Each structure stands twice: as C-alpha cells, then as structure tokens.
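Here you get one chain, nothing else, as structure tokens; it is the form predicted on its own.
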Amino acid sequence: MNATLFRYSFKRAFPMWFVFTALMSVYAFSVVRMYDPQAGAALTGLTEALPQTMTVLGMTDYDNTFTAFIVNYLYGMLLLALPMLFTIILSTQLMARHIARGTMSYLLASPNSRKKIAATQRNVLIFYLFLMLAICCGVTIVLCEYFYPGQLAVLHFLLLTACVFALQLAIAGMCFYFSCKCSGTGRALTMSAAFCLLFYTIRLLANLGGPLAYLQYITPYTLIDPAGILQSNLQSCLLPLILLAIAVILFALAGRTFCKRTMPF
C-alpha cells in the first residue's frame, strides 16, 4: 500500500463520508427517540394494517422487544441503502475517475506497481465503510444506553452490524470491480448503480414470497437474516461468511482486471 496515495484519497473522500455518516447518525438518533413502551404494539398494528408494505421492507419477523424495534427501523431499509449509495460513488471516484481523466498515468509513472495502487484505493474504500458503520453502531448503542439503559441486546446488535458490514463489503467488491474495468466514469457509475439497485429490488420482491420467493436465491441480501441473528440462530450468524468470501473474490478479481487492462491513454 502507498501511504501518500492513501492520505490523498482519504482527504478527498472525507467530506462525502462525513455527510453520509452524519445522516446515518441523525437517523439513528431519530429512531431511538421515536421508541416508547407501546412501540411494539404500534409496529404490530402497522403490520396488520399494511401487511404487504411491511413484508416488502422485511419488517414482519421480529418480536416486540426494544432491540427488535431498533433493528427494524435501522436495518430494515435506510441503513442498507445509504452505505450502498456511498460505495457506488466512492468506488467510482477512487479508480474509474482517475482512469477517465488520465491522472492514472501519473500514478503509474511513479515507482508503484498497479497492484499496489489498486490495493491502496481498495483499502480506502474498506476503511471508510468500516468507519461509517462503526460510528453509526457506536452512536446507536450510546443513545440506547443513555435513554433506555439495559434494554438493547448489545452483543446481538454488534453481531448484526458486523454481518451488515460483510454485506457492504460484498457490494463494495462488485462496485470496485466495475470501477477497475470501465474506462469512463459514467459507465462505471451506471454499472455499479444498476447491479446494486437490481439486487436491492430483487430483495424487496423476494420478501413478498409466493411465486417470487425463488428470487431470494439471486440476491446477496438474503444472506443477512436480522431476525435469526437476534435469536442466535447459528445458520443466520454463519451465512455472512459467504459474503466475506464473495468480497475477497471480487476485490481480487478487480485488482487482477486493473493489472491486466489497457489504459485509454
């Protein structure tokens, strides 16, 4: 890894990371403050009133505990979508933007191999994703312990956050691959966004069940089972390891693609 390039990329991405992390933290604060002792009953009533909507969002298989309430609203939709959007944008900036603008030629002219450059940019992406989820998780735990001490199952929440991180790593690997493969920023952004939105839409459709239930087998989101993790189901806790394997394969494939490709300059 090249320390100078890491610092440069880190500084350029910091404002965007700060905005996304702040939004996620504010949302976490809103969710925690929204809770009240009747929240479980209210969520059950909402599920009964809007069964299809709640099923699509994956918010029907939880008990009426405080932890379940927090997980429902945090990891039901928004805190899966925001890191995904951040990953799409940042991965494109880290590789495809340099390739499209020709600045990659200056990086390649330095005494650094293509492998080292790709590894450095990859590490920036992974580090920011880890920092984002770690801060959001930490903020949520602190807020829960301050307003509702002892009610959050902290270990289960930490485990679930780790599983979500594995999911985001798999998504990051895919986006980084497109960024390394495509010569244009627009094309890399389009490919990354298209596949991410496709998998996310498939997840929503698969939640409906019935004739669409088979769709769960073609989206990585199925490998995250919040309800099972909260219930300490062994299979649910181990499935994210598949996501880690997918992430390793995709990042390795991205690095190999970048090392072998012909630059457009």
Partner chain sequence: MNSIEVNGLTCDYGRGRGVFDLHFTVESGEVFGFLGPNASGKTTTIRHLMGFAKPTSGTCQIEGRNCFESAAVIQETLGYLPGDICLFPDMNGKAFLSFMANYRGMKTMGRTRELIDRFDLDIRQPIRRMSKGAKQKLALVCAFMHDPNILILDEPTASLDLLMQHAFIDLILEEKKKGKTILMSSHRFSEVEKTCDRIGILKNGRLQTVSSLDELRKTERRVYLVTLENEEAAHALQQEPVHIIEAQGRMLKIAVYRDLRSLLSILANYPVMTLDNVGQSLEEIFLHYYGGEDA
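Numbering follows the first chain given and starts at 1. Since this is a predicted model, take the numbers as computed values, not measurements.
Only in words, not in the display: the form predicted together with its partner chain, which the text now covers.
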item	value
Contact residue in the predicted bound form, chosen from L155, A194, V142, A109 - any heavy atom within 4.5 Å of its partner chain	A109
Answer range among 165-173, 98-106, 130-138, 181-189 for contact with its partner chain, defined in the predicted bound form as heavy atoms within 4.5 Å	98-106
Partner contact for I117 in the predicted bound form: its partner chain, 4.5 angstroms, heavy atom	yes
Within 4.5 Å of its partner chain in the predicted bound form, all of V26, R33 and I229 (non-hydrogen atom)	no
Stretch 1-27 - residues with a heavy atom within 4.5 Å of its partner chain in the predicted bound form	N2, T4, L5, Y8, R12
